[in-house]
Ligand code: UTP
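Just one chain is shown here, as C-alpha cells, and it is the form predicted alone.
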Amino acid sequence: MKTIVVSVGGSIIVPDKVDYAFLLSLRKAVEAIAKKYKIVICTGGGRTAREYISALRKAGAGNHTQDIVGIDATRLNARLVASFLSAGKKVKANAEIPKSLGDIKELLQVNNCVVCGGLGPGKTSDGTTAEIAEYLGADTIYNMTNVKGLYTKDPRKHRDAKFLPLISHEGFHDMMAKVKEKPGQHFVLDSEAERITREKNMEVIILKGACNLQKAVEGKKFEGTVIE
C-alpha cells in the first residue's frame, strides 16, 4: 500500500490555543485518505517551540539546546494529533511517538497512520518530512501550512506579494538561497527539505487546510503550490 507523507505546521495545530476545529477537519481527511493509503504525519512545534527557543536564545543557550527543546515541542504536538486521530475510532494511529526512521517503518506495519515530531537536531519538521519520504520511497510530500501556498514575499507583510501556483525545484532553490535559517524559524520549507526534494526530484505540494490535502491526495483540483 502506498504511503502518503505529510508535514503539518505547528502553527495550524496550536495557533494561540489548540485549534479543535482544525483537528476535526484533519481527522475527517485522514479517515478518507486512510481507506486507500498509509499515512505518515510529521508535526511542527509552532508558536510553542518558537517561544521556548526565543527564551533560551536570550539566555545564551546554544543552538543544540534550542533544537532539543524545539523537538520536544514537535513531539508534544505529535502526541496530541495521534491521540486525536485515534479517538475517532476510524483510524489506527500510533500510541507512542517514534524517535527514528526505523521506528516509523515498524509502526506503519501495525497502524494505518503514524504521527511523529522531530527525529533529531538540525532540521525543521519539513526537513524531517523530506527525510521520511526519501526513506520510505514516497514521490510526493504534502506540506500543510497557515497560508494557501508559496508567495514571492511574505503575504502577511507585503501587500504586493504574488501567489505562485507552480514553481520548479531550481526556482525554489534560488528563493531558499536568500533565507537565513535559525532554530525556530518560520518558513514553508528548510534547506534540507529543499535539497532532498530537488535531488530526488520529489514533488512538493504546499497547501492550507485539510480539505485541500484530501483533494490533492485524491488527484482533484486544489488550492496550493506545486514544486516540481
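Quick note: we count residues from 1 along the sequence shown, nothing fancier. Given the structure is predicted, the values throughout are model-derived calculations rather than measurements.
The same protein also exists as the form predicted in complex with uridine 5'-triphosphate (UTP); that form is not shown, yet it is the one meant from here on.
*Asks:* Heavy atoms within 4.5 Å of uridine 5'-triphosphate (UTP) in the model of the complex: which of the stretches 22-30, 40-48, 155-163, 197-205 has them?
*Replies:* It is the stretch 40-48.
*Asks:* Which one, L108, L119, V147, I97, lies within 4.5 Å of uridine 5'-triphosphate (UTP) in the model of the complex by heavy atoms?
*Replies:* Comparing distances to uridine 5'-triphosphate (UTP) in the model of the complex, the residue within 4.5 Å is L119.
*Asks:* Quick one: is V91 in contact with uridine 5'-triphosphate (UTP) in the model of the complex, heavy atoms, 4.5 Å cut-off?
*Replies:* Residue-level check for V91: no, no contact with uridine 5'-triphosphate (UTP).
*Asks:* Does any part of S11 reach within 4.5 Å of uridine 5'-triphosphate (UTP) in the model of the complex? Heavy atoms only, please.
*Replies:* Yes, S11 sits close enough to uridine 5'-triphosphate (UTP) in the model of the complex that at least one of its heavy atoms falls within 4.5 Å.
*Asks:* If you check in the model of the complex, is I104 within 4.5 Å of uridine 5'-triphosphate (UTP), heavy atoms only?
*Replies:* Close contact is absent here: in the model of the complex, I104 is far from uridine 5'-triphosphate (UTP), nothing within 4.5 Å, heavy atoms only.
*Asks:* Within 4.5 Å, heavy atoms only: does I53 come near uridine 5'-triphosphate (UTP) in the model of the complex?
*Replies:* Yes, contact at 4.5 Å.
*Asks:* Under the 4.5 Å heavy atom criterion, name the residues of 190-228 that approach uridine 5'-triphosphate (UTP) in the model of the complex, in sequence order.
*Replies:* Counting only heavy atoms within 4.5 Å of uridine 5'-triphosphate (UTP) in the model of the complex, no residue of 190-228 makes contact.
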